[in-house]
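Shown next are two forms of a single protein chain, provided one at a time as structure tokens under the names structure 1 and structure 2.
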Structure 1
């Protein structure tokens, strides 16, 4: 092994050994970090395919039977449908309303705009589902929206909108106005400008917000937990929780298959965004 000359002139073999030891320790630490993050996840990878899943992580005795159990359980597939409905509705509300608001706020000077944006930013960070669960529950109770999936979507959308407006407004602010002006000079009406120019150009921003809203609503537990009573209407997050907290022996084949099915869309959407747009980092995104 040829030692780097710089190292040998300075400290001889001792320095080389030091470098090697440091390198080994460094990778040992990285392995430890990997183990810390990977170990809890392993169960989700193996158990769903195990003929007799237990809480222990082990290579599965391969089967797909566990997924067949989902059809027999009265709530499993229904809850996934509920999740699709709630997440879809929330996503549409957030994308459409945030896009309209962000565009108008970016391009037209509405009186009090800056104060409004500031207040929105403040509110969205302080009024969280947890801090406001009591008044939200009471409000929905008064509005007769307890046990309504649309009600859950409305509350989720209300919480996600301010951040969505912010991110999209930043996105629009960074888009040159000359695109729209150019179209207007050629005679396009305002709505034509929106349809022909703004919408296509804003598409990456809209897609990011759509995925972000979907992931957030899909993973929601608290709001659905406090607003929905009927298990027929509960989304997967709540049903998953009842699966492992209801009395008696936990049904591990069901839980494992169900949790994998519930997890896949999130992972898929993450991979999609990562591939399509790169995982661009917007400070402060996470509800």
Structure 2
């Protein structure tokens, strides 16, 4: 009886060793992936405060001269305000119109409704802003919206709306109809039902759409670059392009300091929404 017992013990030890080895390899792979994504973030934090920033990640020779140099640039800080205006306007337009359209499509049954949604989503993915830039430019010219920050926001919102409607419709579908019926019994109008009953339940979805629209509008370059002529109206993504020389040489002190300021609003928006609403969903209703 002792021989089988010893063999089984050795087999059990081997299985334990195998589990430990696999776990060590797994955590090593995860650590490598985290380091791969962490290096650019570390550069973003350290380089703005380095006296001579480079493309390598290192502890900075601390200085604030890069931010003073950025302050002397005539368009840098103005471009951040322009980005806030364009991204904020785009976010509001997308959230408002996507909520209205998603609620209508969720509650009104029309022939081909689902096909229409999928067609809008498919076309918005295939016909991107780059492919449609010529007709968009002609349309903005006819509407006298060239060199207008509002025009840029309208174009960005139009491109984001199909996907936003598609996402929000699932949250609207998950809202219990009994809540709306109770509100109608007390005389609530459809807009009041949407505002006081449906939207509070769909807040996680609205928060997700808001952050998604803000990030897309904040990082836009092409549309603003083509539609805006006045440098005073250019957003940060366009102004950062001017921090390169004609030969493509990067001005790293300016770029590093500007990149840190450029990232702060989006990170702050994400942290605020995540703390307030979270991103944990169960059929459109926050857990």
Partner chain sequence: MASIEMRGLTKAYAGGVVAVNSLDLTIADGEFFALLGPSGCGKTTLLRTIAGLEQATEGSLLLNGRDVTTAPPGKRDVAMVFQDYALFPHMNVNENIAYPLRIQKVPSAERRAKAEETGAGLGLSELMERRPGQLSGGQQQRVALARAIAYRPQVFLFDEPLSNLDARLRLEARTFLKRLQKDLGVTTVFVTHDQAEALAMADRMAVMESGHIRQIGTPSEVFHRPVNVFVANFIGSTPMNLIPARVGPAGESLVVASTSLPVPTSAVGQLAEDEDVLLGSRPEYTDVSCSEGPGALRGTVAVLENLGATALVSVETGDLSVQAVVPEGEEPAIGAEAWVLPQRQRALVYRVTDGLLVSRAPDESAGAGAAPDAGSATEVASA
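This one's a predicted model, so the numbers in the text were calculated from it and none came from an experiment. Heads up, when I say rigid core I mean the largest set of C-alphas that superpose within 1.5 Å between the two forms. Numbering follows the first chain given and starts at 1.
Here the chain coming from the form predicted on its own is structure 2, while structure 1 comes from the other form.
After superposition on the rigid core, displacement of the C-alpha of residue 97 between structures 1 and 2 stays below 2 Å.
A displacement of less than 2 angstroms separates the C-alpha positions of residue 222 between structures 1 and 2, with the rigid core held in common. When two forms of a protein are overlaid on their rigid core, residues whose CA moves 2 Å or more are considered shifted, and residue 175 is one of them between structures 1 and 2. Aligning the rigid core between structures 1 and 2 leaves the CA of residue 264 offset by 2.5 Å.
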